[in-house]
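Just the one chain here, laid out as structure tokens, in the form predicted alone.
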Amino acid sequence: MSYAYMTTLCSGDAYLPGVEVLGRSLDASGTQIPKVVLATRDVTESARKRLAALAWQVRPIEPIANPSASNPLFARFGPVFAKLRAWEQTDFDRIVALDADTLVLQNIDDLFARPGFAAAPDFFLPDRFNSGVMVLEPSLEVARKMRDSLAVSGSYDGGDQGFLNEFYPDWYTMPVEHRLPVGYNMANFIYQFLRAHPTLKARLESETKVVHYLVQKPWQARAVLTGGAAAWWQRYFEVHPAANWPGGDALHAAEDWAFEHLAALALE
């Protein structure tokens, strides 16, 4: 069996720091499985060279037009349908697709034993899956059906997640092996909430394997008050040690502390 971890970089280099950190977190997990990034033509040559130097296999892909481009939930959802190109990478038998805003905390090679298709529930709509972490089996036939469906299927969020939930409408009722535990795709603010409360931390923190930065992206915000800042920046500074500065680690720990206390006040 041929396996790969795969992510997508599209619409320029905006998510390059995310891919760098994702790759570093995979390396730190001890995996020996190849890392592949699908890059659209607007990704710069310097970014491609940077990722290749970090042991990413960079594969050029063509973008896929967003059929809901006029009404996405977030503007950044415009180019995300390029992610569907993962189903075309048929030199692999199974792929674990990870969004560029995810961070691996523990080895997740066990996901390759899952049948394709598999995903974890979405935080906001738990009877639908979140497309940030998926196990899939590449297939040109499935890829063709997806392209055909783009013209007629809806997308409740104007992005790939809404479309894929239309394409796999029976995910919620599939056998249990197709539904990943939430720890494989944990929202960053929930991750921080668990860490802040001793009772929850003792029971649930060890189950968190992948953190997903759903709204704010650490590298795009001056202050990340939705949790998980320190964990992400730790890996970033490992890739970019010169970017760290005295007090940098303490600042990001303070961001998480602030989130924890704001959450506690909200619950009083």
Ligand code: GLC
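A residue's number is simply how far along the shown sequence it sits, counting from 1. Just so it is clear, the model here is predicted, and its values are computed rather than measured.
If you look for the form predicted together with alpha-D-glucopyranose, you will not find it shown, but the lines that follow are about it.
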item	value
Stretch in contact in the model of the complex with alpha-D-glucopyranose, which is absent here, among 35-43, 50-58, 238-246, 210-218 (heavy atoms within 4.5 Å)	210-218
Exercise: residue 157 in contact with alpha-D-glucopyranose in the model of the complex, heavy atom 4.5 Å	yes
Any non-hydrogen atom of residue 111 within 4.5 angstroms of alpha-D-glucopyranose in the model of the complex	no
Touches alpha-D-glucopyranose in the model of the complex: residue 162 (any heavy atom, 4.5 Å)	yes
Any non-hydrogen atom of residue 130 within 4.5 angstroms of alpha-D-glucopyranose in the model of the complex	yes
